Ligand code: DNO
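As C-alpha cells, one chain now follows by itself in the form predicted on its own.
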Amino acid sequence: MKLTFRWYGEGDSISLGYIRQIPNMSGVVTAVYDVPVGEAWSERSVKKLKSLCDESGLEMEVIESIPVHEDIKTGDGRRDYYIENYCKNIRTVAASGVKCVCYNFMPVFDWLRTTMHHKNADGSDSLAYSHEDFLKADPANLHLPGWDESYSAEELQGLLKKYAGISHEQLFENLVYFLNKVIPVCEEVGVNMAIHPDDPPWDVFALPRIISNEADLDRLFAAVPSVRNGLTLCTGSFGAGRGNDLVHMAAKYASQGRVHFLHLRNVLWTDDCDSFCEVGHLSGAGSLNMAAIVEALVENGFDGYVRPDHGRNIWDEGGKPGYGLYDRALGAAYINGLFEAIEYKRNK
C-alpha cells in the first residue's frame, strides 16, 4: 500500500515537512482550492502543487477532489459545459502524474455532522452526529456546523429548491451520464475515478443519497463496468450505516480491483438510532473491526492508496476539526502496523 496524508495546499497549518516525517509516508492527497467549482484548473496551479510536493520528497498521485458541480448532479443548466471542464481537469492532473481522483456525488452537503467538537471520554474532541439533534434542524433556517461559511442562507435555500423533485433514480441516472463522459478520458490518460460514499449514508433534508451501501455500489459498477470506475472505501462513512458489513465489502470490492483509494477511520455508535462520534483509529476505540477490514483488503489483493481519515483533536491542538496533525499521525502509525503485521503473516 501507499500511505498518504490529506494536505490543503500552502494555506494548510500542517507543513509538508511535518507530513514527510511520518514513517512510511509516500505522498499527499490534495487539490486546487482557489478555483470555483466547475471551472477548469490551470496547468500552472497543478504543476506548482506538484513542485512543492517533489521538493519535500512526497508524491502527488491522488487528487481529493475535483468537485462535481451541482448542475451535473441535477442534470440541468450547464451540465455539459461543467463535464467538459471536468474532463479537462482530469487531463491536466494526469499530466502531472496523478493516478487517482476521489470525488463524490452527494447533493449540496458532502458531509454532515451536528457538532464538530464532541467531547470524548478520553478528553479529546471530535466530529459527531446526533440523530436527535439533526431532527431539531429547521430546513427553512439551516445552520449546520462547518457549512455556514460555505453557503449564505439564500444560496442554501436556492440549492435545496433546485433539488426539489429530484429522485434517487434521477440522481443515479445523472451520475451514470457523468461517468459515461468522464471514464473514457480516464482510460485514455490512466486515471482511476474513486467515488466517495455518502457521509452519512442516508438521505438528509429530503436530499437523495445513492452511494450508501453494497447494493448501490453493485448497481453503479454494473451500469459503468470499466474498472476505472471504482471506489474510495471510507470505513467511517460506510461504517456509520449499521447495516453495512465492512469486512465483506472490503473483500468483495478489493477482489474486483475496484478499491482505488482507502480512507481508514473508526466510528463509535452512540445510541440505538443513527448517532455516532468519530474516535481514534484503533479497533477497540469504536464499533468497527479495523484489523479485520484491512486483512480482508490485503487478502484480496488491495495494494493502493491509503490515508488516515478524520482524527480527533488531541493534546490541545487547534486548527481544522478532524484534520489536525497529531491524531492523524497516530492513525498513520496504526495503519502501518496493521498492514505490516497482516502482510508479514500472509508472506510467512
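A residue's number is simply how far along the shown sequence it sits, counting from 1. Being a predicted model, the structure only gives us computed values, none of them experimental.
The same protein also exists as the form predicted in complex with this ligand; that form is not shown, yet it is the one meant from here on.
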(request) Choose one stretch from 269-277, 152-160, 165-173, 97-105: the one whose residues place a heavy atom within 4.5 angstroms of this ligand in the predicted bound form. (result) 97-105
(message) Looking at 196, 228, 118, 73 here, can you tell me which has any non-hydrogen atom within 4.5 angstroms of this ligand in the predicted bound form?
(response) 196
(message) I need to confirm a contact call. Of 65, 26, 283, 300, which residue comes within 4.5 Å of this ligand in the predicted bound form, counting heavy atoms only?
(response) 65
(message) this ligand is absent from this chain, but in the predicted bound form, do 110, 263 and 323 each have a non-hydrogen atom within 4.5 Å of it?
(response) yes
(request) Would you mind checking 283-307 for residues with a heavy atom within 4.5 Å of this ligand in the predicted bound form? (result) 307
